[in-house]
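Only one chain is shown below, in structure tokens, and it's the form predicted alone.
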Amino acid sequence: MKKNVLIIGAGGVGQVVAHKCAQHNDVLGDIHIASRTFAKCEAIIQSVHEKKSLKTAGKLVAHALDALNVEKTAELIRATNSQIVINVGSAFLNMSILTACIRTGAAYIDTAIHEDPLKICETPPWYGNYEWKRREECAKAGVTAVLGAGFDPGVVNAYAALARDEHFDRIDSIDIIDVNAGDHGRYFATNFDPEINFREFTGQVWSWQKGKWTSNKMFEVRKDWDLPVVGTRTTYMTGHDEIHSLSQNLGVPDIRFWMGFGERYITVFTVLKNLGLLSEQPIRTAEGQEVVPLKVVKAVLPDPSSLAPDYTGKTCIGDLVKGVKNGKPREVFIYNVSDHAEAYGEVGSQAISYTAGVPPVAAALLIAEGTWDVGRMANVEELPPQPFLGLLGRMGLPSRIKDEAGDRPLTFDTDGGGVAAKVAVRRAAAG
């Protein structure tokens, strides 16, 4: 049984994680929040107290930390007796925080692939460039490291694993669809860190098609989907984290990621990119000052966490899976719909942050009680999906399934998924 959680990162997702950990502190124990900006940690703690999120009386403490400093991060893990670290900071921090966890024996959870600040859209699979190189270290140290445990990546990986385990004999394609049908009322803003957001789209769009990597340009491939609740929405094929693990772990020939974009986003993005303002490479101004254009753009855009109070509408994120079951073609859509206003009412963040922040806490709970404490590195699809998805449903992210039998809630046995889950647990533990 692992207890005491260190949350690294104090943005909108960090706020959700803190609230959800507080709601389950009877299991998770002490909660510590760390960021370079101490005031952000304090603001989150104030929010947790204001909304009375703590289930039982317990520690909720703020810390200032530069998580690029491995020694300082390891010191904080030891000083707080944290046995679980949830990394919801910048994707630039993954390797430093993972190293600190390996040194201290703490379990590690993140929500995105590591990135080098000076590189974008590296050679796929991206996990192979950084995280997967540390697999042997994690296994040798007996450290559980769960990669990409947000929504996408994360929950969508679990949807794919569930489709494999229960709904198909053979999967031919997985289309992951992410649509935000909400409105924040600003002329232009990104729903999470602008720097990370733009970096996803300024390079090549990598998809997995016909069993190999395929490259396209951003906004080159468009598709309209008729989705539950949010209706018909325009999406564009783009690269995304989960493709890089699902393509290697599931043996599915076609895996694509589709994200919804409005015309204004595309216009602003295109202008910024064509002007060179989305470059991650440093330049020197006429006054001799070195700046990174992308960081300047980030500095002038609204803080994503500031969007939450005025956000309305819903998100729809899911996996459209096609294949064969009992010799017959089959199509299944497994998905979640979340409401921005409801998320703000509960935890003070919008639904994009909510969908990203609830899953790593569910992962922490599964590690705490042992189901996912596998003592090695694993992507979400390598772990039993039933207990994860069942727990998420009770924590505010219920899933639904749409197939030939109709559209209905996705439910699980009270024991966390029944026989299939127990088999998956044994498989995960065996590696």
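Fair warning: this is a prediction, and the values are worked out from it, not measured in the lab. When you see a residue number, it is the position in the sequence shown, counting from 1.
The same protein has a further form, the form predicted together with another copy of the chain, not shown here; the description that follows concerns it.
Enquirer: Counting only non-hydrogen atoms, which stretch in 106-114, 180-188, 327-335, 348-356 is within 4.5 Å of another copy of the chain in the predicted complex?
Expert: Partner-contacting stretch among the options: 180-188.
Enquirer: R36, K55, H49, K59: which sits within 4.5 Å of another copy of the chain in the predicted complex by any heavy atom?
Expert: Residue within 4.5 Å of the partner: R36.
Enquirer: Go through A74, A91, I102, L301 and name the one with a heavy atom inside 4.5 Å of another copy of the chain in the predicted complex.
Expert: Of the listed residues, the single hit is L301.
Enquirer: Check whether T232 has any heavy atom within 4.5 Å of a heavy atom of another copy of the chain in the predicted complex, and answer yes or no.
Expert: Outside the cut-off, so no.
Enquirer: Quick check on G262: any heavy atom within 4.5 Å of another copy of the chain in the predicted complex?
Expert: Close contact is absent here: in the predicted complex, G262 is far from another copy of the chain, nothing within 4.5 Å, heavy atoms only.
Enquirer: Mark D226 yes when one of its heavy atoms lies within 4.5 Å of a heavy atom of another copy of the chain in the predicted complex, and no otherwise.
Expert: Although another copy of the chain is absent here, D226 would stay clear of it in the predicted complex, with no heavy atoms inside 4.5 Å.
Enquirer: In the predicted complex, does K210 have a heavy atom within 4.5 Å of another copy of the chain?
Expert: No, no contact at 4.5 Å.
Enquirer: For the stretch 321-351, return the residues whose heavy atoms include at least one within 4.5 Å of another copy of the chain in the predicted complex, in the order they occur.
Expert: If the 4.5 Å heavy-atom criterion is applied to another copy of the chain in the predicted complex, 321-351 yields nothing.
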